[in-house]
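Two versions of one and the same chain are coming, encoded as structure tokens; call them structure 1 and structure 2.
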Structure 1
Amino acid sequence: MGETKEDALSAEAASTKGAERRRVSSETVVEELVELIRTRVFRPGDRLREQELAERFGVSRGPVREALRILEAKALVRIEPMRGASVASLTDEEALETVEISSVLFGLGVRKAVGKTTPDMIAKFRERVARLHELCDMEFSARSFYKETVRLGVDIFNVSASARFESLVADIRLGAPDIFGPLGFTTLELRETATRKWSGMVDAIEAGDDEEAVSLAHQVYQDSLKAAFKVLG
């Protein structure tokens, strides 16, 4: 008995569902791997073995292989013949370029935030600034100060960023080591200057002055980078 139209449609639907499951599986693996790289469970240079990842995520090697290719296109993973995949490790020049790109994207995020903040959001920003004041005390590490600036930046950025914009920024930040950040806050003067500029940025956002807010957004990046270069010689 020949195949009916209903049989053909059923087979097509099953095939479509199977492809959808495979697509979702690979996307899930991408999300999981990005989080593991972001939290430094996997560090630059670490090998990413397909079988181990498949067992970790409970999928076949196919979705893992596809996920690694996606992350390679995002420059988060490198795949080499005979060696397989590993977490990308950037050169100093690539890391510097990433910081510069991050500065531009953050400025855009700040501009988009102007006019969209609520009093509660501004209050949260000011709490972060107050914490920066506390971290100016040199008993705290430069990394602690740097991490708090990242938290404040993320709070501001999240006010109006779309999912696509957030994904783009996440890709850029994940692609670079955070070596430059802490080196920008090794002295009391550097920390106090940064705190004043972050505070001014919050003031400008609240006042609706997007030009001033964006200018300060770029300045905090550039100041930190210049200070890091002095440390590195």
Structure 2
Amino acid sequence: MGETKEDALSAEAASTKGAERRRVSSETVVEELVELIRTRVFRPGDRLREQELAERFGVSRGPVREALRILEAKALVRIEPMRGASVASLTDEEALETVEISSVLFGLGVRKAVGKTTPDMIAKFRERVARLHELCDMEFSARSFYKETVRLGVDIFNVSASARFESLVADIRLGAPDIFGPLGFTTLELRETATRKWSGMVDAIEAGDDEEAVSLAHQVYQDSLKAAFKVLG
């Protein structure tokens, strides 16, 4: 699984702002810790000792404490007073709920995008849909396909969502490991249905049909979830 930061699709948006922000070590600690949690080097329930992390990252305990508090606020880490931090673990219900939350928030993002797209944007969306078409037929493309749908989703989302809204969704996505994602596209039929719906979503957005666009947005989440559950049993 040699996947690195490139994989963190959700982080893409928030990166380059304008002037080069000076970096503070708690920021890098946050990023590295997120990566370690995302890649399951640290697994749910694992304790995160301050001194140990400080040594690993080459800083003192201060920045580590700040980073842990940040990650607790984002629900990635759990902290108990005088007992320390550990990687947060989600119950199955909470993981499902996270997907539900993502779904309605994405639906809102789509609704807000309707009526605010330029032809350029629509063209870009169509390019991504075309890429989905290509990926449909390829074998073992579940992961690439999934990642492309996320990119398209982010693009649509960015039409109208504020940076605040973006980072909220990014945080929520972070909270749940995206195991559901690729599992939703394991068969040709699933990929074809999804492509059709994403394509329809873009059409609806262009046509100004917000109800249809939102409905399809919810559907792609539900379809993918249903398929994932089928795989998992």
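Just so we're clear, the structure is a prediction, and the values are computed from it rather than from any experiment. Structure 1's sequence is the ruler for residue numbers, which start at 1. Each form is matched to the other, and the largest set of C-alpha atoms that superpose within 1.5 Å is called the rigid core.
Note on provenance: structure 2 matches the form predicted together with the DNA.
Of the two rigid parts that account for the motion between structures 1 and 2, one contains both residue 112 and residue 182. Put simply, the smaller rigid part swings 29 degrees relative to the larger one between structures 1 and 2, by C-alpha superposition. Core-aligned Cα shift between structures 1 and 2 at residue 40: this is 8.3 Å.
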